[in-house]
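What follows is one chain in structure tokens, specifically the form predicted on its own.
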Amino acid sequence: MQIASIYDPIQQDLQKVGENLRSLSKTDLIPADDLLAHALGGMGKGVRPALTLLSGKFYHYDLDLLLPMATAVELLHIATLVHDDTIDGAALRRSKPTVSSIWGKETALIVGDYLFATSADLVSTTESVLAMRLFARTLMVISAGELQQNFSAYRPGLTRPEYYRRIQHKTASLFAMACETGALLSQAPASACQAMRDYGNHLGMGFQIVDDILDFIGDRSELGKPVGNDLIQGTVTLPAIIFGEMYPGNDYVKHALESKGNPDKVKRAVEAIAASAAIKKAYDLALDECRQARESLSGMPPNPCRQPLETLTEYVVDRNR
């Protein structure tokens, strides 16, 4: 499934988000231009800003408000990736060297802070106090999720509720905010804003579960990072949790975590999980999240942008399956 076709109703406006991001790399701080251009050089698949634009299509589509909001959403996402890569010591992101691997951790953290501040400034141009509040709360929740991940690193006994709470904070909260602000800025009624928030939350949960599955069964060239990277970083995800529930006597995951990324032990754990029924069970849970996302759209007006949002729920679970 090609994601570009899903974006047909907002394709030109999504391109403007990319143009906005490129323009933000041009600053008065000449030495910073190169590293900002590197950080902002690829929007990836643009799922999050697309959600803001698509969510704004149900009512009054005001691009003067939605474009800066969509740009801020993607900028916030990029800033979190810069910080995540710095904390994790990651060398690659989307097959490109990370900011921290080129310019160092101190510089990368400052760049992330600069991007957070710039995204907040963009939200302020909407002059919507509620949008600003949603943005600030989302940043708080994402930061809390990062703290949860750090405190639980290399801990083999992570439970499903702990995992769900972490990915809701780190991933789903941004999807939810992207959708809710899109609806809010298009003058949608409160019920529609809540419906779009629910849609984004469930879509984000499904998206992250599939990402975590692909870390075990994906191709390195497509992932843009090593297979098994989560275990290398000490992060326990749903496939590993389910594997532990299915095979309580198997210590492959525990040994991989205790070894702090030993290649042989990580490889053994990854191969065992990838060959097990834990992968299908995790996919089934991602499918259920996406089903709930579709159901959240049931009360929305039947306009041309509803179908792309429904199709996105299929794309999320079909990625590299």
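Computed from a predicted model, the values in this text were never measured in an experiment. Residue numbers here begin at 1 and follow the sequence given.
What comes next is about the form predicted together with another copy of the chain, which does not appear here.
Undergrad: Spell out, yes or no, whether the shortest heavy atom distance between residue 139 and another copy of the chain in the model of the complex is within 4.5 Å.
TA: Yes - in the model of the complex, heavy atoms of residue 139 and another copy of the chain come within 4.5 Å of each other.
Undergrad: Whether residue 246 contacts another copy of the chain in the model of the complex should be assessed with a 4.5 Å heavy atom distance threshold; does it?
TA: Outside the cut-off, so no.
Undergrad: Is the gap between residue 101 and another copy of the chain in the model of the complex 4.5 Å or less for some heavy atom pair?
TA: Output for residue 101 is no: heavy atoms all beyond 4.5 Å of another copy of the chain.
Undergrad: Residue-level question: is residue 64 within 4.5 Å of another copy of the chain in the model of the complex, judged on heavy atoms?
TA: No.
Undergrad: Which residue, 153, 217, 87, 242, is the contact with another copy of the chain in the model of the complex, using a 4.5 Å heavy atom cutoff?
TA: Checking each option against another copy of the chain in the model of the complex, the one that comes within 4.5 Å is 87.
Undergrad: Counting any non-hydrogen atom inside 4.5 Å, which residue from 185, 236, 176, 111 sits next to another copy of the chain in the model of the complex?
TA: Contact residue from the list: 111.
Undergrad: Does every residue of 26, 77 and 91 put a non-hydrogen atom within 4.5 angstroms of another copy of the chain in the model of the complex?
TA: No, none of 26, 77 and 91 comes within 4.5 Å of another copy of the chain in the model of the complex.
Undergrad: Looking at 162-170, 246-254, 176-184, 198-206, which one sits within 4.5 Å of another copy of the chain in the model of the complex if you count heavy atoms only?
TA: Within 4.5 Å of the partner lies stretch 162-170.
Undergrad: Only counting heavy atoms and a 4.5 Å limit, does any residue of 115-135 reach another copy of the chain in the model of the complex, and if so which ones?
TA: If the 4.5 Å heavy-atom criterion is applied to another copy of the chain in the model of the complex, 115-135 yields 116, 117, 118, 120, 121, 124, 125, 127, 129, 132, 133.
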